[in-house]
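Read the single chain below, which is given as structure tokens and is the form predicted on its own.
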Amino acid sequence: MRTGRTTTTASAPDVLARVREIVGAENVLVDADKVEPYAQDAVKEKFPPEAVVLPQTAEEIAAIMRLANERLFPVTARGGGVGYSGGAVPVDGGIVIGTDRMNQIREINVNDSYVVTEPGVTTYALQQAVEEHGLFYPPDPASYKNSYIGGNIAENAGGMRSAKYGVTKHYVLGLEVVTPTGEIMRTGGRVSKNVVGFDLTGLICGSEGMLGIITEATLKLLPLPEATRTVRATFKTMTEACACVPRFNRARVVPVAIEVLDRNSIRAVETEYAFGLDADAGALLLVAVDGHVAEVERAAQIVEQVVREGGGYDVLRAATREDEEKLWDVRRALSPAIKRFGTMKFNEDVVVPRSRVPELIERVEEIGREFDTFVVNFGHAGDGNIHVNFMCDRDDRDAMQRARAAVRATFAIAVALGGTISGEHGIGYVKAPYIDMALDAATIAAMKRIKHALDPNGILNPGKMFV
């Protein structure tokens, strides 16, 4: 699909010769088998680039972007390639800039509680590194062992801990960014208060690689919690389970994570793994708390009391970290368990006010029946972000069409309930046809003007978000 203004092939011999001069010949991949891994993300739809370039410095990326504007070929930046919206996929071909080699943590500052990192460091590696210093980086996307920090910032990644700690943008203090036209700019800084000029850090965070390529990030850290505890409970209905969420606030407990699984989720994991769950249950709730040891024990007891009073049964409260891991095994087993229901998974991440989650899931189940499509709902009840998964066989054209119709109907329901079409995954090219369901024409027009102002030639990550 050709969507941008770009006109020149990036594989032209003179273009590749100049790129090799910039980064070294060994860091330019053109063979089909070597560029193929960079052609897709978790959506599994392939758009092979003409070349993959693996720079190591901001200066190298800036030189590539200046060349791209001179010769008018598209460039797509890529982190770990684990997204669900096609944001890092080169739909217009051209060059992919992979940040694989930009994988160093440059500074961990204990006194001022920040870390300076290159974009190719995985979320997990960064978390492990700062925890050795008694510090804590809260954002925890499900793909944290494979996702890169640069991609997390570009997508404003969330995760299970967002119920208490928020999402990636709440921890980004400053950035080094290569603009679409090849300048290197610094935004923000290393302090938590900074109102000098426009908030360009906030603009880049969540911009899906369309407004600049992140080459360095300064991230805020917190003290590492002393302990965590988890409570798991089963409920007859989703309404009962989700009604517990506001009760935690009234009990003055702020869980670090509140995960909910619906009836089909429970049946899927129980059929596949036999955890001993009630196969007739309507919902399962996992609630984690963290903090000082005494505080955590008290909070876990309160959580247990709240879920029991709310109709929870088969309630388990972990006493050790090993027990906690066992309770969370059900949640981890979910994605592999639902694969048996289809070779294609439409994994959507709608979000609604958390009080509307039961209604959302009820309506989505109706949509599944209407379009004769198996649906599994699970996700972050603490912030209303539910992962709606429509399952079908990739080779069944009719089933694929029904699933796509179910996706559109689900987006409409989420918006009608006061929510929106994506809480974590972003828009990319996958959700681009639906963006006007969530944003009005004036808002979309303003975004397009910002994009054109920073990227007048449409070089960087074309074919995304706007159609």
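Residues carry their position along the shown sequence, with the first being 1. These numbers were taken from a predicted model, which means no experiment stands behind them.
As for the form predicted together with a small molecule, it is not shown, yet the points below apply to it.
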### Query
Can you pick the stretch from 316-324, 218-226, 85-93, 189-197 whose heavy atoms fall within 4.5 Å of the small molecule in the predicted bound form?
85-93
### Answer option from A42, L439, A405, V30, heavy atom within 4.5 Å of the small molecule in the predicted bound form
A42
### Summary
Heavy atom within 4.5 Å of the small molecule in the predicted bound form, from candidates G368, P255, G159, G379, belongs to G159
### Message
Taking the small molecule as it sits in the predicted bound form, is Q127 near enough to touch it, meaning that at least one heavy atom pair lies within 4.5 angstroms?
### Response
no
### Query
Should V357 be classed as touching the small molecule in the predicted bound form when contacts are defined as heavy atoms within 4.5 Å?
no
### Query
Would E304 show up as a contact with the small molecule in the predicted bound form if we use heavy atoms at 4.5 Å?
no
### Query
With the cut-off set at 4.5 Å between non-hydrogen atoms, does A142 touch the small molecule in the predicted bound form?
yes
